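Shown here is one chain on its own, the form predicted alone, set out as structure tokens.
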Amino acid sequence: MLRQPGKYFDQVIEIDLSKLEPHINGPFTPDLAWPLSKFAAAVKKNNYPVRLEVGLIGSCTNSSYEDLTRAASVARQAKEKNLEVKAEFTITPGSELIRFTAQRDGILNDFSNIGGVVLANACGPCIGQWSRHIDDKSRPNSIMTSFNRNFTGRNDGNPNTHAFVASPEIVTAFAIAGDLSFNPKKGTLVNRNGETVKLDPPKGIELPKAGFAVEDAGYVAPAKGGVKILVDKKSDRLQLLKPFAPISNDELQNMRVLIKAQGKCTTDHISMAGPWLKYRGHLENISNNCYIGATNAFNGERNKVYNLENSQYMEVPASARLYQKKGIGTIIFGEENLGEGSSREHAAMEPRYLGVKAVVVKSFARIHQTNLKKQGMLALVFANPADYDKVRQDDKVSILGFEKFAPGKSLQIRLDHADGTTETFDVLHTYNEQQIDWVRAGSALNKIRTELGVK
């Protein structure tokens, strides 16, 4: 046991587990957290919709065997105390192994017995792939999940949905109550017999006593000798990819600003999920959701940007396509932690497909930055974050120094303003030699294909 941690670490953080209590995050971001004891007051103070309409547990996060047993213990005692869920309640096992084992051990029946609906083990509601029942989408409403994302519109495509995040057992308790002012640790509920009852603390089982089991894990061995893929040219869901052409220095001159994103801009803002995912095998079609959730800093609106070629406001993808048709490169600017959230590659592939050459921000979410590099784009960071404010809607933007692009060597951006003035500032990057080779080849995949001799 390490008795003097201060000798070995720069910082020591002590947590008193006896004082630690469950937290609930949200709405609209995982960064906002409320201790359970203060959550009801926060709901009232911020005028969050107090009625919980849906509770959702599972998906890839918080859906282990132990997670489900803890939530099931709450559901089981609700059944014993003659309670049923007041909110809709869905359960998404984390894998087929977990689903099969939980079904075998009767755990999934505990949820069904109180009105829960067990869904297929998939991303499901976490990325908006579910049947959301709501009478009026313009009405503010609340849901609570045990997922790892709760950005605006993430779970059901509705910006009026206040999505909160908690542990599976806390979500289950709130689904039973159907009321965000309820405190599962202290509050009481009235059952179907009119009796006042209280929920007991949950209990979990770390590992199944009979071990894990599965009949069909879903693995299909690759065919011997290779497979020829035939795609119907009329398909709107599948499309063969074409290699991206490398970005040239000429293309980085006199670009137009596609969008200057303001505030939080996650991968859900850049490439929404939900119904759009049916096009994930068709890059041209799914690119029609590119940056449509991002807020335009010049007008405070979403999916409405000014195009200098036709002097009209357009949807972001349409504006990008018009510039692309005219042979004009585009550039995107953003603020802090751009691309946080799900690590979906479409958030990088779509702007690349639509002719965006570079994304310049105050800071990147790490995975999104890497995805941009893999697609052969320039992912750059303001040396001085205040330079973000210098970018104007009608600027012509050029990137200087690309011919000598090298690790640790900054580039420059020149803004040619419509009033005839010019501003130049430094932008930084984290590209290593291998990643620069990706850019020179057009993408990481292009580089790999060349090395393998694939045409």
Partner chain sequence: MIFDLKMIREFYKNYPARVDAAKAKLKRPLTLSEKILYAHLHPDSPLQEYKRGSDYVFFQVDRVAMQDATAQMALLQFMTCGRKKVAVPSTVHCDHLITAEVGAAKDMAVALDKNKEVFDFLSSVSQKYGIGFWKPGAGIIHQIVLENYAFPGGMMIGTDSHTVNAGGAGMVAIGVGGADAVDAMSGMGWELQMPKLIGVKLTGKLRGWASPKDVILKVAGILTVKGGTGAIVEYFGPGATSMSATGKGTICNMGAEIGATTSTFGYDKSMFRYLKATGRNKVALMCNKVAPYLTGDAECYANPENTLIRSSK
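Quick caveat, the model's predicted, so the values are computed rather than measured. Numbering follows the first chain given and starts at 1.
The protein also exists as the form predicted in complex with its partner chain; that form is not presented, and the subsequent description refers to it.
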- Query: Does any heavy atom of Tyr313 come within 4.5 Å of a heavy atom of its partner chain in the predicted complex?
  - Reply: no
- Partner proximity in the predicted complex: Ala320 to its partner chain, non-hydrogen atom cutoff 4.5 Å: no
- Would Pro22 show up as a contact with its partner chain in the predicted complex if we use heavy atoms at 4.5 Å? yes
- Could you tell me if Gly355 has a non-hydrogen atom within 4.5 Å of its partner chain in the predicted complex? no
- Task: Decide if the three candidate residues Leu97, Val118 and Val220 all line its partner chain in the predicted complex, where lining means a heavy atom within 4.5 Å.
- Result: yes
- Residue within 4.5 Å of its partner chain in the predicted complex by heavy atom, from Ser181, Gln129, Asn303, Asn337, is Gln129
- Query: Between the options Phe382, Phe364, Phe147, Phe333, which residue brings a heavy atom to within 4.5 Å of its partner chain in the predicted complex?
  - Reply: Phe147
- Partner contact check in the predicted complex: of 320 to 328, 294 to 302, 102 to 110, 231 to 239, the stretch with a heavy atom within 4.5 Å of its partner chain is 231 to 239
- Applying a 4.5 angstroms cut-off on non-hydrogen atoms, the residues of 187 to 206 near its partner chain in the predicted complex are Leu199, Asp200, Pro201, Pro202, Glu206
